[in-house]
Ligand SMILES: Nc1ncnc2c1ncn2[C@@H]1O[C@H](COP(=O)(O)OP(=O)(O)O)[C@@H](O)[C@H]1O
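A single chain comes next, written as structure tokens; it is the form predicted on its own.
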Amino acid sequence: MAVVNRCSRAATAATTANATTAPTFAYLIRSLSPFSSSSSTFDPQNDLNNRNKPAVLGTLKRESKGRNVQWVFLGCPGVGKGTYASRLSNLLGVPHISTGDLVRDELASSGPLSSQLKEIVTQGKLVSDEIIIDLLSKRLEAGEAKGESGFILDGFPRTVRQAEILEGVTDIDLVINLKLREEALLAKCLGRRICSECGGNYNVACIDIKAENGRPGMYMAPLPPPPQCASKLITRPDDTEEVVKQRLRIYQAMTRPVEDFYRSRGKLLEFDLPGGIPESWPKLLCALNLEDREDKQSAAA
């Protein structure tokens, strides 16, 4: 049955669809041990030194060996969901689906929703459930037609109602909640840049927070563009201080309950980002019991 029909039906009734089967995982995963807690918090400062702790992915349904992962990324705007979801997408061989990208693609298309979405986005408001579900349904349906298996969702769900709808049409294995202190979040959002020609994402902010009052310091280097993109950088219209702060307030009010929704179901992994990509990526892999062979080979070289 088409994905768009499943999503529409789930919006009005609590039904559950079985996940389709697909080729087995194309990555190396270490053995998992039982983990019975309703949620997990991975502290990069302490957990890496405690190798006897139960694996945090014990809540995954191990009987579903024939299909690929179905993961969700949560986190405040600008925390880096897209960056880490994209890296995991490449590592695991599953599509990375960003609802933010779906909205931006619709904005660029000059379609019937374009003007409505432009007003919503520039004011830093949340796009309605109906619009997001429609865009996501079309994307999932197109992927299903191409034989895609599994997914990593980024930017959805953002409300409990969206989470309930998603639970009605598929079985989410794991929800990764990325966390970052607010001053770093604001700096990251204001430093984001996009190449107007290739669409590449970069960041000009250099975040250097000194340790104080018992809190560890944090350093996040800029992500500069290559020379061919340097003169073509633009700022997203919603990356202004006023809009960013408004988006953070909305997140606190509306999306935090989504964390509780998945926490109560034993599917939430909370991960505090300790710094930039070079520091955070290997520790996130450790929290997920994954290994990146190519990353290790690059480091060894």
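When you see a residue number, it is the position in the sequence shown, counting from 1. Quantities reported herein were computed from a predicted structural model and do not represent experimental measurements.
Beyond the structure shown, there is the form predicted together with the named molecule, which is absent from this document and is the topic of what follows.
- Within 2.4 Å of any backbone or C-beta atom of the shown chain, none of the atoms of the named molecule lands once it is superimposed from its position in the predicted complex; the pocket counts as open.
- At a distance of at most 4.5 angstroms from the named molecule in the predicted complex, none of the three residues 70, 96 and 143 contributes a non-hydrogen atom.
- In summary, among the residues 77, 168, 150, 225, the only one with a non-hydrogen atom within 4.5 Å of the named molecule in the predicted complex is 77.
- Taking 186, 205, 121, 175 one by one, only a single residue has any non-hydrogen atom within 4.5 Å of the named molecule in the predicted complex, and it is 121.
- The named molecule in the predicted complex comes within 4.5 Å of a heavy atom belonging to residue 247.
- The named molecule in the predicted complex comes within 4.5 Å of a heavy atom belonging to residue 104.
- In the predicted complex, the named molecule sits within 4.5 Å of a heavy atom belonging to residue 156.
- Using a 4.5 angstroms limit between non-hydrogen atoms, residue 192 touches the named molecule in the predicted complex.
- Just one listed stretch, out of 85 to 93, 123 to 131, 214 to 222, 193 to 201, contacts the named molecule in the predicted complex at the 4.5 Å heavy atom level, and that stretch is 123 to 131.
- Heavy atoms closer than or equal to 4.5 Å to the named molecule in the predicted complex belong, across 231 to 255, to the residues 236, 238, 247, ordered by sequence position.
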